[in-house]
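Quick heads-up: it's one chain on its own, the form predicted on its own, in structure tokens.
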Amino acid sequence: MRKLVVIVVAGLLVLANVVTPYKVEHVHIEMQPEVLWHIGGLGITNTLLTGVLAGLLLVVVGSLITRRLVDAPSGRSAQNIVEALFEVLYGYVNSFAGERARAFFPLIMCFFLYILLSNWLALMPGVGSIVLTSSQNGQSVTAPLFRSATSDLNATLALAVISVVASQAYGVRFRGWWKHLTRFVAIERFVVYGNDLLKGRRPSAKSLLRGLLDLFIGILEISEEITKVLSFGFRLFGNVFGGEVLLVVMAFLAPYLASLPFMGIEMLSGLIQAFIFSVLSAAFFARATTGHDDVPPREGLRTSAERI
């Protein structure tokens, strides 16, 4: 009986793919977001519209959840579900960032929720299928009204820039501007070298070589901060845009038969991408707020031994 049901369902799905009037006729892949309107000299794209919508949804949902907070929420309440999500992510960040995780966890959670919602909005009905026809330069242009914000390289690079700039701000806050600056411009040994020359002392060549090594490491640190922006932005953009292309191709080949499993995969991929971006940002924040001189050697050795 079960085999008969499976055969009938499979046959209906195949028949639906053949006779459906809603089948995708052609595949058009556009990497650049489409401009819907112009306000002054600013072009409003479909990815910007979806990004603003995602932000408004987060504000509305957050306001509704926090309106009636209780100390002991029930097991199925929205507050309990959100608190469980917060505790899981905070516990993971706290495992490698320590007490300083409390300072930058709100930004980490904003990254996670915004990227997750932006990724999942791409799977909602109407996103990519509702089109808007407008006149641009005397020509009729048809473009989707909504498109995932994270499928726009401008949006992902903007998130990456926010993450890198925030790591510098946290570094200055916890370590002071001088210690954080000398991480990139290591001039302490050159200052000592110059003082020795002014006082008539003979500076050692060893200290000069160490100063040159610190200077080279500082250059590497600066280049690393720049490459963070590129790696963060292109990684998130590539995964989200590639997933959208995959769904469009599957909808063209078999809209009912093959699309649903891939939509489930894309939901999982959207969750993973949001988690990776958030956790990597937290790791960079923790690194920026910690220096080699912040932990005594013995304590550092004891901590390492305990972990082993």
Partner chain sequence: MEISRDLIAGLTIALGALAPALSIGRLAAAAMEALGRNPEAERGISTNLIVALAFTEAIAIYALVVALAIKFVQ
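For clarity, every value in this text was computed on a predicted model and none was experimentally measured. Numbering follows the first chain given and starts at 1.
There is another form of the same protein, the form predicted together with its partner chain; it is not shown, and what comes next is about it.
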Within 4.5 Å of its partner chain in the predicted complex, heavy atoms considered, which of Phe86, Tyr92, Phe216, Trp177? Tyr92
Just give me the single entry in Ser231, Asn154, Asn80, Ser129 that has a non-hydrogen atom within 4.5 angstroms of its partner chain in the predicted complex. Ser231
Answer with yes or no whether Leu280 is in contact with its partner chain in the predicted complex, where contact means some heavy atom within 4.5 Å. yes
Is it the case that Phe105, even though its partner is missing from this view, gets within 4.5 Å of its partner chain in the predicted complex, heavy atoms only? no
Is Gly238 near its partner chain? Define near as a heavy atom within 4.5 Å, in the predicted complex. yes
Does any heavy atom of Gly242 come within 4.5 Å of a heavy atom of its partner chain in the predicted complex? yes
Which of 60-68, 270-278, 33-41, 46-54 lines the interface with its partner chain in the predicted complex (heavy atom within 4.5 Å): 270-278
